[in-house]
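The structure tokens that follow cover one protein chain in two forms, given apart as structure 1 and structure 2.
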Structure 1
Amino acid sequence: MAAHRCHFPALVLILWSLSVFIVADVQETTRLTDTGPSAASSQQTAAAGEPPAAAETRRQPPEEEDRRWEATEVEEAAPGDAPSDSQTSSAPETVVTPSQPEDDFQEELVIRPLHSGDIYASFQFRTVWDTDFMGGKKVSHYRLFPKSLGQVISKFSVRELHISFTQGYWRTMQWGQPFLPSPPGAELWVWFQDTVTDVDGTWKELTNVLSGIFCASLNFIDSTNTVQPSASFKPLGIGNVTDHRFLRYATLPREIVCTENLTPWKKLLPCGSKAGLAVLMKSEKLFHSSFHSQAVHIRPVCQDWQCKSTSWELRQTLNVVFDLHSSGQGKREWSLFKMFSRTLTEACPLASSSKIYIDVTDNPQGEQFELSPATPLLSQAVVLGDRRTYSVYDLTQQATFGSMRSLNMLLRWKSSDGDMMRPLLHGERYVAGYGLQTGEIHTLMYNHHPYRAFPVLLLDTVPWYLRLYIHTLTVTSKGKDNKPSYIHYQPSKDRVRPHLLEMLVQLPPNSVTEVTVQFERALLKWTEYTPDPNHGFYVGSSVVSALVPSVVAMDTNSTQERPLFSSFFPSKEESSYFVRIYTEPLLVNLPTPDFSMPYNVICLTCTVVAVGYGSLYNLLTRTFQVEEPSPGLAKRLANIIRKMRGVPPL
């Protein structure tokens, strides 16, 4: 029986092995049988006149056919273009070429040597996306356009958004006009779509969201520093929305710009700060400068000159002026490494264009400064009404970096001679008067054109605690009264809204126009003062907008390929160009109570309470007990001896 039990498992193992071989043989036979008719049918199809491509397609294994269909895009045909069955069976299958990406990214750096020995560097990053945020369609896939800003546009129905953070004041008479102006502190102005019903509520939510995105104090924007300009801030993109009810403008002149604002700004770039021109943005170098400004502009633009379809443009700009003396080098010599402590090694891989422009207009023969390495590429552009010449370095070409695979441009000054072309429009602002009760605001606008007069639009925003006497408003030019052709004034309400004053003034040629208005200082509640009230209270900059006569003909085609720094403000006329300048912010002292007096009162009160009331309370609550004096040493020794002898103590 034991032998039979041992042979039974062996027999089962032999039978299982034979069944495996038989099944494998049957599967191989089936595969050969299926292949034979297929090959025969393919030969018959080829003999019947079928195209070889179709026959080859039929002979492909199923795996290759699946891969081919995955890489093929099929276009949807119109209902009226449906082909017949015979055409479908005989036509070869066509592989559709993938469409071009719907978004594009460009980056530029413009370096302009200044006659003072300083140097002006302007970064321009432009992302264009062919999508529609205003059509109610939900956008879920983002490639180059930052998703955080795209969601803001969709949620709050934003048509245009312009925000800037600036540290320092742009010295127009020393440096000329900037490519993109901005006031000191933070500035935000937004155009909403006409479908927004509660603009004020949407504006409040938008400022809170932007405050979190850019790590700024934009949440302090409320109705007390928000205005609705009627003519100064028109849309810079396409669209005919001119109803100023959907426009909001606010400034925070005391906002401090720091690294915490630059870091989220750089994260909005497709390549971040890892590649391309953004690698030069080193915080300790950018903030150790005379002027620093970063901005974000979002607007709809036309895709072509006919403007049949629109795109969304995101433009990120960063302007910085490096001072000759604060840098500590003492000589007029600049390079990328001295300015940014870094050099360039590659362009952003996602950028379709990456270029560096060096302004050599005032250096035609190299007598002012020497530029190395030299580049044969030159470009001309009309910037701020003047034709400028630039040396161009194309970072998408490997030959630009040379054998060292690193680009470090050097500017070495040879001569300090030469005069800067004086800006045609300039503005100043200051506070006059004495005492802490009344004062006067003076705004000066300079027209340096020798023979042309042009109108300017002045915007003044004054806080409610400076109560303007609008009947004292005077406008004088060359000692004569200059009556404005348009005035829009909105009085303030205490703790609700500020003053808004807009006027259209004609500036005579080669003149200074002065606008003055008197005000009275209000008394604030003690809880409304800042932690350092004796420092003063800031009043935002005045905004001067004008169409200035141009020296050369301006290009009115906004869709033509141009450098980014010359294509931000659209030109409607060939004879003039748009300029917006900002004056200095004001620092006004208000009647301030002696906040040290409450401190003295608190100290004196606490001292009186501690000495007087503390002593009385101690006398009323303390309990007194009579204690006998302790015996002397001789008496204690005598008592010990008496205790040992059994005698009562003394």
Structure 2
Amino acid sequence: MAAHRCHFPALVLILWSLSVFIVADVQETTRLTDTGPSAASSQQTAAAGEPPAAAETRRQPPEEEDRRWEATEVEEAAPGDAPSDSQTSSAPETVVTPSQPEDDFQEELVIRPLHSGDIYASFQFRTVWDTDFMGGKKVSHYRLFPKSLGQVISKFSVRELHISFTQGYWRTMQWGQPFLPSPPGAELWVWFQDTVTDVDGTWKELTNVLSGIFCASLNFIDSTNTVQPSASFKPLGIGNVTDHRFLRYATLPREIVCTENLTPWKKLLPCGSKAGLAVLMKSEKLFHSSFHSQAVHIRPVCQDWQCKSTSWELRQTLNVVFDLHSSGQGKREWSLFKMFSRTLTEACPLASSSKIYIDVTDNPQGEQFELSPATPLLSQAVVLGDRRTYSVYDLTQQATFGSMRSLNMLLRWKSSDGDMMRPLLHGERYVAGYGLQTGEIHTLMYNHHPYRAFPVLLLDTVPWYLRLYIHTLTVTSKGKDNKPSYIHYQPSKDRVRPHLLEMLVQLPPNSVTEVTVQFERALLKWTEYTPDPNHGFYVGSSVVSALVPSVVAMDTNSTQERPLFSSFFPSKEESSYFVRIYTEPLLVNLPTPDFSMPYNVICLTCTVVAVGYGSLYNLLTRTFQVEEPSPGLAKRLANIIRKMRGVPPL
């Protein structure tokens, strides 16, 4: 960023000198600048300091355009100046720091002690920037918003981008609902702007670029695992385009998430992992847990309550569940240091808000666990249909850190009992049957609500090599046939696209709804097997999206200041809240040849060809003739003698 700032005076100087020497040219430049065509920015830094170079570049239109583009950036960075005379104003004046920052960064950590004794830590970092990537002007000056992502948004005309990397499976039955759900492996879903013409091509390029940004195998996303859900993934930001032609959804259930994915993710943060909450992200601790999930969500949001203009929101979230048992000693005690092997000493200086929330709802009088240091600040928020109480630590206040100049919260349990809270919605999936020919996928959806029925949207994506027998699809609840009110099914094409099955099913109260469909396992071509074919082939999680009846009234005012973790999914009605759950991915064995067999096959084939075909060929082509019986020995001797005598043989 500093490098960019250094270029501005130089660029302005060039333009200024140009205006002095060749007035006509300058005028033309200005006009072009005003129209602001966006140019390819491959040679942004090509600007040279001295006028000769400038004069040379004047004759090269592309570089000329580059410079103009940067110049507009100067205008934007300094809105206080009069835009009309920016070309004539002197260089130092244009680089004044912006008076009103248009971007804002907040960081937040929520810690929720779980009933199982495990502890759930959820980081959320939110950057909001009042800019328009899609407008006519090219955005190139970045302050808090990561430039790599900004460029991706503008280059690929992305309207909304959600990407998550998860290692482990969220145990809904033990842990309740997460703030932000994600399936095991990698998940990517993107809404493109409706100006995009070649969505598939853009999607292909985008996945490859993201693959580089996040050091992940997202480049394995191709048409065989991409679908366009018609109803399950609606845009989470503002905007009214819901034509699913512009939506692409893909999961890679096999993706392993580790430190090499965490590091680029951390680099997107304004403070990196140098200050603020991100200091806690030591990979050896984050990956010594029961569950690890990191995500990036980009979407357009309203700038204010009037929603006249939009800003871009980038949310980076990281969810970890630490395991009580494997941390040893059996003592139920947690501290920041024990979880992250770090304590906090400061907030990120760039953050406008930096807070730690600790869920103390189950602990109103401190009978379950003891929290130290105590904080007077309490906050209430409605999260996932439940009113929760949180102790809040504001890191921007020096008092939070106390005399030790470091914050190390300690949670010590007093009683060890705690009943499992049953989540209202819960899903499960498995493969039934045995043998390598057919099988059956069972998806179970549990509605634990005692008296309310609610509809859920089920999305199943099954690779083409499991050939679904869609006529065997059954949906049953409580032993009765449950007719889905909406079914969207797109059959697979071999080696081209997967099956997509979307259903809207009403779940009766306190029931299990079972969706079964039979499939046949395809025999792949021998080059299509993975290097470890006997491991099995993955089928991604099915997605259940639902509006679950809420116990307390949900907050529908989206503009009100709320903790980040409670404000991700917009809630449109007070009586229900949005939940998305993912089932387990499946590991399915396909019929696998013994790959040491080719040698044997070659030998066998050669033998069969040589003996079988050879003798048959011999029989077919040979001409049979009646042979004279060979003469006896005496006759032959006689013939020899006759030959010697010159007499014709007998």
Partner chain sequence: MKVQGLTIQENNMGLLSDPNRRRALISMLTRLNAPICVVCYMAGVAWFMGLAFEPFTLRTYMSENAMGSTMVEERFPAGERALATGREFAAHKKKVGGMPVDWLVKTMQSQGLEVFTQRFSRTLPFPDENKERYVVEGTNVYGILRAPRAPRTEALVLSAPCSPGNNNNQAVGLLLGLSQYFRNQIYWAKDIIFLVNEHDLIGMQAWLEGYHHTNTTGMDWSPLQGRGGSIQAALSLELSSDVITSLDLVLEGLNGQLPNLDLANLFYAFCQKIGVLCTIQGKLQRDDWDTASGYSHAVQTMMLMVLKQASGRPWGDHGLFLRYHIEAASIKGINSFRQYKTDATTIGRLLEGMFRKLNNLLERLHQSYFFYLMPSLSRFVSIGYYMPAFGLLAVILLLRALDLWVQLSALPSRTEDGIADIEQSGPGVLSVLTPLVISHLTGVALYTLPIRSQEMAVEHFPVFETEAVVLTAIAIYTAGLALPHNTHRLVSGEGTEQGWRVLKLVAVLYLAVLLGCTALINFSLGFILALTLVPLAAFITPHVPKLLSALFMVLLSPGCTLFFSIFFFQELQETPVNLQEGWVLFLSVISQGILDHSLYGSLVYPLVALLVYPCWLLFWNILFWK
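Counting starts at 1 and follows the sequence of structure 1. The term rigid core refers to the most C-alpha atoms you can superpose between the two forms while keeping them within 1.5 Å. All values reported here derive from a predicted model rather than from experimental measurement.
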### Task
Would you indicate whether the form predicted together with the partner chain is structure 1 or structure 2?
2
### Query
Rigid core fitted, then: does Val601 show a CA shift of 2 angstroms or greater between structures 1 and 2?
yes
### Task
Compare the position of the CA of Gly614 between structures 1 and 2 after a rigid core fit and state whether the shift reaches 2 Å.
yes
### Summary
Superposed on rigid core, Pro629 CA travels between structures 1 and 2 a distance in Å of 57.9
